[in-house]
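Just the one chain here, laid out as structure tokens, in the form predicted alone.
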């Protein structure tokens, strides 16, 4: 069966769905090709015995106007939910005790997380010279401007929470471009933050409050709202052996679907899949040529979700707790979703999301489910003061290609993506292989691509 359309999108994750939503809204004929039987990629919400929990990203950050606009455009089908004020604290584990990450000058002076020497060093941060190495790692930058204790007990756990990565490998310019630009444009993080706060903002920019968000009932409702507006007829699910061939000024997207072979002809093709999937899909590009993209390293992450109907541990008035590498524990951190959002558990219940593995502990990925459950329960009991209590339910989710690492190889990856898009007119390579890994990054990229096409 042969079909013609304007635009094909490969992958129905947040990027692909947002892109299709805005293209369809502008009157374009667009079809999405998805290998799974559901849309949303890793964004999935589940319910179990009164508990509502996420098995992919638990939250996003309302950090750009594109995301604000998306929720405005979907307001009839899903409702934005921002985090409870009580969950604003971020805990950091030090010597077996949780300490709140400082949120101001006074708490920064009193905190036991940072050394006295580094507390003094931060006072001189606005007067230090800006860096000259574009490939400077996050660890190098932080030690240079703020000191080693800030690296160990603030930035290292922060990087574990976002990238499940190693600050000694991630390059600031690529992994944390906003931080990099603060120093390059203003000479200082502190001076840059003050000056940026004074810049005029549009109404949408003012509403990008950097608050933590979800949607009422879970992030699945954001995905369902996008799917509803795109319409089922424009989404092909359960697609196998997807390959793209180039033919003159168009592309042939060939795949198996419900025992049929389908060929869709389009002028534009947009991939949103992981780097590892591109060689099989882009059959018209030599695999050797694609290596600067396909050599992208991914953190392997294990998520263990544990639910307690009658919580007996310490109070959890925080977003969650992150574990610095120097503490030598078996977890990256424990998130407290039931503290962040309302109505996620039974009345006296608590739900916890325990993260393990990452770039620094790939060995944990090879452990059996029973071993992982035991590690998660031991870490919960010891850090949250539970007396050997078992959860009412516990589930494990493993992600082989969880989070791409924006390291020193990123420059060549970005350059090749740009080169291929110029060489093959109509081809666009999107997704988290470039432009950031957060939900807000994915929405912004989709909006930018849609606008360029429209």
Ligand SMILES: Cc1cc2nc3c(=O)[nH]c(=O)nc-3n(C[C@H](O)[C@H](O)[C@H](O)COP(=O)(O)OP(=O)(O)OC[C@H]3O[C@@H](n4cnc5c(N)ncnc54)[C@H](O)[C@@H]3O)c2cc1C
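Positions refer to the first chain, counted from 1. Remember, it's a predicted structure, so these values are computed and weren't measured experimentally.
Heads up, the form predicted in complex with this ligand isn't pictured, but that's what we're talking about next.
- prompt: When you measure heavy atoms, are 15, 431 and 439 every one within 4.5 angstroms of this ligand in the predicted bound form?
  reply: The answer is yes: all three residues contact the partner (heavy atom, 4.5 Å cut-off).
query: Of 331, 273, 222, 270, which one comes within 4.5 Å of this ligand in the predicted bound form, counting heavy atoms only?
result: By the 4.5 Å criterion, the partner-contacting residue is 273.
message: Counting any non-hydrogen atom inside 4.5 Å, which residue from 52, 70, 427, 33 sits next to this ligand in the predicted bound form?
response: Checking each option against this ligand in the predicted bound form, the one that comes within 4.5 Å is 33.
task: Report the stretch among 116-124, 371-379, 201-209, 275-283 that approaches this ligand in the predicted bound form to within 4.5 Å, counting heavy atoms only.
output: Only one stretch passes the 4.5 Å heavy-atom test: 275-283.
query: Is there a non-hydrogen atom of residue 139 within 4.5 angstroms of a non-hydrogen atom of this ligand in the predicted bound form?
result: The answer is no: residue 139 has no heavy atom within 4.5 Å of this ligand.
task: Give a yes or no for residue 399: in the predicted bound form, does one of its heavy atoms lie within 4.5 Å of a heavy atom belonging to this ligand?
output: Answer yes; at least one heavy atom of residue 399 falls within 4.5 Å of this ligand in the predicted bound form.
Residue contact check: residue 301 to this ligand in the predicted bound form, 4.5 Å heavy atom: Heavy-atom contact with this ligand at 4.5 Å: present for residue 301.
- request: Would you please decide whether residue 391 lies within 4.5 angstroms of this ligand in the predicted bound form, comparing each non-hydrogen atom pair?
  value: Contact with this ligand, no.
message: Going through 102-127, which residues have a heavy atom within 4.5 Å of this ligand in the predicted bound form? Please give them in sequence order.
response: Heavy-atom contacts within 4.5 Å come from no residue here.
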